[in-house]
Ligand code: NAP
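In the block that follows, a single chain appears as structure tokens, in the form predicted alone.
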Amino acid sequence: MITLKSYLRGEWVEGQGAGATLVNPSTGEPIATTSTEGFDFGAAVAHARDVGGPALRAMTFAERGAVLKTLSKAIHTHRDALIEASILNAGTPRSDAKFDVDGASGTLAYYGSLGKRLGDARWIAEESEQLTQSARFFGRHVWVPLQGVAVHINAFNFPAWGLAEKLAVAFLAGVPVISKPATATALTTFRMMEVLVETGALPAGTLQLVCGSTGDLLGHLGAQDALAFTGSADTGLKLRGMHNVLSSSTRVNVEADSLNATVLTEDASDDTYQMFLRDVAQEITQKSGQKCTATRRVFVPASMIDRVQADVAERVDRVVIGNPAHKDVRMGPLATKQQLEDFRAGVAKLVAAGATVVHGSPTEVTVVDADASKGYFVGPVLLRADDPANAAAVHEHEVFGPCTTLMPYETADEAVELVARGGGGLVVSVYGDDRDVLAKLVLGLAPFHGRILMGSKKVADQAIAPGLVLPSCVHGGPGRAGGGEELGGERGLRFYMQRCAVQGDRALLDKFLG
């Protein structure tokens, strides 16, 4: 058993008291403890503002990008050790652990390259525009970094990628970071932070880590600070409603619950249909269904639902469940005992709303090289709701695990209406080959989602799965999904920058702003 320390004000520090206990979700056995009792979070925030902020703002985009490249390479170098930490504490098989760790290094590398492209500037200036009849009086918008700190609160399911995707954007924008991983799976984040600190590339005060409770950390945020949160909608609402956040208009970005959907069209070719099956099965089982982008609702033509049910069931049955360290296992346990309890309760809620379990069981599972009674194991569960218009909970409650619900539809308009009942999502995927039908679905679904993956026969063997988040594209969504945005290339920097209109002599504007 080890003790996870926090990295604050340039030092590894250990909290007082018993703190929280981290376990191996495959066995339920304790593996680590961590505590933040006794920490001076006000001093940590001041350190970021007074030391880290000036250091970052003095660097050019290219210089910040070079640091991100160094961090990316360090993670890749220590990839195997981080994967082992994920297997032990997050219950992820090697393939899923790689998905997390490689996502972290890849995102840092992408924003490192973006920093190189942005070059020797320290701000982003837009084009000048003449404001009056005078040929000299112009206006120009400039984006400059906030002069506070970015606090990042991440979810349990991506302990490596979660830190990296938020860090990359804030760091490149010029804002120091205090990162708080979910305590239950913080071992991987702790190990990764050790790697990042050991590079010596991080300027003082630019990245701090909190392992354990946040204490009064968030109470120190003000008008120049930013808070980015990934987790439940209820917690996001509480964070947005904090008195100091409201009174100071602290920037808040929330990525919350998302009832992501998939729509299959009747005209789908065999290649497209196989792509659909592959993606649905992957989104049910990858990371044991514990992804914010996982597919929770599957809408198929009523004439095809029996076939789809049988084919999806056959696909998920191929997945070997058990000890994530075993070479044949492709799906491990849920991350915590609470997640297992919530999963079972969630399935029961959907059944009470009119859905029927048509494959798998929320309580029985066969595992390899593990004791199902000790670990937090569950198998893939496929539900079906033949009257989706009257199955309200299916469109309102996310079961965060290997579970999805099949539902029939008759027309494209009906499919759009049913998907929209989810209240806003991170990603929706549509599969078909009729251009007119695809266009109707995409344009109808776009207002309700941050991203749409369009599957067709011409990209069936080339496209990414809908659950893969790319740093060049927006990650976030409206409504229930939190209403925020992360990543999205250069656009992602804007959350950590202030857009200011500068008006005056054009020659001076061009001289000052470049």
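The numbering used is simple: start at 1 and walk along the sequence shown. If you're wondering where the values come from, they're calculated on a predicted model, not measured in any experiment.
Omitted from view is the form predicted together with the ligand, to which the following refers.
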**Item:** Ser232: touches the ligand in the predicted complex, heavy atom cutoff 4.5 angstroms
**Value:** yes
**Prompt:** Is Gln224 close to the ligand in the predicted complex, meaning a heavy atom pair under 4.5 Å apart or at it?
**Reply:** no
**Request:** Report whether the minimum heavy atom distance between Asp96 and the ligand in the predicted complex is within 4.5 Å.
**Result:** no
**Request:** Classify Thr265 as contacting or not contacting the ligand in the predicted complex by the rule of any non-hydrogen atom within 4.5 angstroms, answering yes or no.
**Result:** no
**Residue among Thr183, Thr206, Thr404, Thr250 with a heavy atom within 4.5 Å of the ligand in the predicted complex** = Thr183
**Asked** Between the options Asn323, Gln339, Thr285, Ser179, which residue brings a heavy atom to within 4.5 Å of the ligand in the predicted complex?
**Response** Gln339
**Fill in**
Given 410 to 418, 151 to 159, 313 to 321, 96 to 104, the stretch touching the ligand in the predicted complex at heavy atoms within 4.5 Å is 151 to 159
**Residues from 388 to 407 in contact with the ligand (non-hydrogen atom within 4.5 Å) in the predicted complex** = Glu398, Phe400
